[in-house]
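Only one chain is included here, represented as structure tokens and corresponding to the form predicted alone.
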Amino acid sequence: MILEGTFADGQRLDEVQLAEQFNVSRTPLREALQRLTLSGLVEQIPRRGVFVRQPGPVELVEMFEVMAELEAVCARLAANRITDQALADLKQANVNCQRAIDAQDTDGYYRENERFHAIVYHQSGNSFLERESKRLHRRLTPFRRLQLRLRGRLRQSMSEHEAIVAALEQGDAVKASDEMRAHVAVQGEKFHLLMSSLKSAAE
């Protein structure tokens, strides 16, 4: 609802009203608000409440630029460090992604997509880099999911995954890095989709 513009940027979220609307107690609702806070979509201000916080176009692009570079480094390091088992796990994640595409299951695709990226983060062999990548990934999760709705994006993403795995399998650090950077970067149609989905922020 936040992404679709139901709640405007800066709007206070009323816990009582939302609990009634979703027919839940305030405990799970507060857990949901905590998760939204971690993602950065809302801000909790002590003694004032929870407020919607939509990133502006510039901030969103900046975050994706950093994300693309972090993941590119992960892929570059992983090209020389990845295990055979991890390569097998990446291939299986791609098989599951393809099944999700065939079933037109965007959520299922995203779950496997998250697993795919988490494997690459871990195979970088750098725990600090892995933590930072996961942290920013969580922050961008709603927007990464959103861009998958673009027509043809799932199949394009799948093709990019295959290119990344091929580069990792070949131990080609430069190609793995370049493929991952291009995969994560928000540009062209993906950027316009995100902006049209964040009307209040774009305005």
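Take the two forms, find the largest set of C-alpha atoms that superpose within 1.5 Å, and that set is the rigid core. The numbering used is simple: start at 1 and walk along the sequence shown. In this text the structure is predicted, and so the values were computed from the model without any measurement.
Separately, the form predicted together with a further copy of the same chain exists; it is not shown, and the next lines address it.
May I ask you to choose, among Glu162, Glu65, Asp172, Glu43, the residue with a heavy atom within 4.5 Å of a further copy of the same chain in the predicted bound form?
Of Glu162, Glu65, Asp172, Glu43, the residue with a heavy atom within 4.5 Å of a further copy of the same chain in the predicted bound form is Glu65.
Identify which of Ala118, Leu129, Ala86, Ile101 has a heavy atom within 4.5 Å of a further copy of the same chain in the predicted bound form; exactly one of them does.
Only one listed residue qualifies here, and that residue is Leu129.
With heavy atoms only and a cut-off of 4.5 Å, decide whether Ala166 touches a further copy of the same chain in the predicted bound form.
Although a further copy of the same chain is absent here, Ala166 would stay clear of it in the predicted bound form, with no heavy atoms inside 4.5 Å.
Verify the contact flag for Gly108: yes if a non-hydrogen atom of it lies within 4.5 Å of a non-hydrogen atom of a further copy of the same chain in the predicted bound form, no if not.
Answer no; every heavy atom of Gly108 is more than 4.5 Å from a further copy of the same chain in the predicted bound form.
Is there a heavy atom of Leu38 lying 4.5 Å or less from a heavy atom of a further copy of the same chain in the predicted bound form?
Yes, Leu38 lies within 4.5 Å of a further copy of the same chain in the predicted bound form.
Looking at the partner-bound form in the predicted bound form, is Arg135 within 4.5 Å of a further copy of the same chain by any heavy atom?
Yes, Arg135 is a contact residue.
Any residue of 77-105 that, in the predicted bound form, places a heavy atom within 4.5 Å of a further copy of the same chain:
Counting only heavy atoms within 4.5 Å of a further copy of the same chain in the predicted bound form, the contacting residues of 77-105 are Leu77, Arg81.
I want to check Arg53: does it shift between the shown form and the other one by 2 Å or more at the Cα, with the core superposed?
It does, since the Arg53 C-alpha is displaced 2 Å or more between the shown form and the other one after the core fit.
Please say whether, between the shown form and the other one, the C-alpha of Arg138 moves by 2 Å or more once the core is aligned.
No, the C-alpha moves less than 2 Å.
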